[in-house]
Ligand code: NAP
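First, one chain by itself: the form predicted alone, in structure tokens.
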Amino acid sequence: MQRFALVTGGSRGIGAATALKLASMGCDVAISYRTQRVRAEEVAAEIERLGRKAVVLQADLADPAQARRLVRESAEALGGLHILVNNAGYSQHAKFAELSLEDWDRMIRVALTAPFVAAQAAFPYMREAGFGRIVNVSSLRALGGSSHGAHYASAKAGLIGLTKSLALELAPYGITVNAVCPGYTVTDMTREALARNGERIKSQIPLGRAADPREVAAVIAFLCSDEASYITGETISVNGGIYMR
């Protein structure tokens, strides 16, 4: 059966790798971007080289109306929607005492409210299809906290709570909902931290390295597959074993 997927923040990093992995599995894929149009179009071209349809849409997911529009336009362009990967996000390093309420509010809107709105908008399409996969990209910070981003850790922890709640509510419709918590991954978001503190970070990871985005994407794509039909409400860490120590 043909599957249609939306990957938010699909222009780079884990989102781009996920979009390509889903395309390699036979999905037509819509990807969203906020400012990186050229990179989003490059990912779309790669998807098309795999023989799948690609749709590129712009949205600022801090605005719930744009998140809702993104889902609607994706479904209209693809002909439906079976898979939603809530990947879009950003990182802001700031101490708790320095965070403004505006910083807090924007992080919550992007990392928690947007996934809620997108899932709510996607639900009718998945219910009609009798099949749905929602994967929320959380973070190792959701599990261990952050000394330089309380708003980020809080939003990502809330995303795990949303994941479990939606898994309970949507299971009767054949829709599974899971979360993935990446550890240190070589992306634009982490490149500076890895360049500055790479050796110290690697010393904390039993596998001794950061992840390639494709390694995280492989787990996300598996959770979107037919083979993962009996997995829901789970949070899977892809972090090289960092919390075993």
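Source: prediction; values computed, not measured. The numbering used is simple: start at 1 and walk along the sequence shown.
This protein has a second form, the form predicted in complex with this ligand, left out of what is shown; the following refers to that one.
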(Q) Quick check for you: of 80-88, 118-126, 161-169, 143-151, which stretch puts a non-hydrogen atom within 4.5 Å of this ligand in the predicted complex? (A) 80-88
Q) So in the predicted complex, does Ala62 come within 4.5 Å of this ligand, heavy atom to heavy atom? A) yes
Q.
My question is simply whether Glu48 lines the interface with this ligand in the predicted complex - judged by any non-hydrogen atom within 4.5 Å.
A. no
Q | Interface membership of Arg34, this ligand in the predicted complex, 4.5 Å heavy atom rule | A | yes
Q.
I'd like to know whether Ala155 contacts this ligand in the predicted complex, with contact meaning heavy atoms within 4.5 angstroms.
A. no
Q. Listed by sequence position, which residues of 157-174 have a non-hydrogen atom within 4.5 angstroms of this ligand in the predicted complex?
A. none
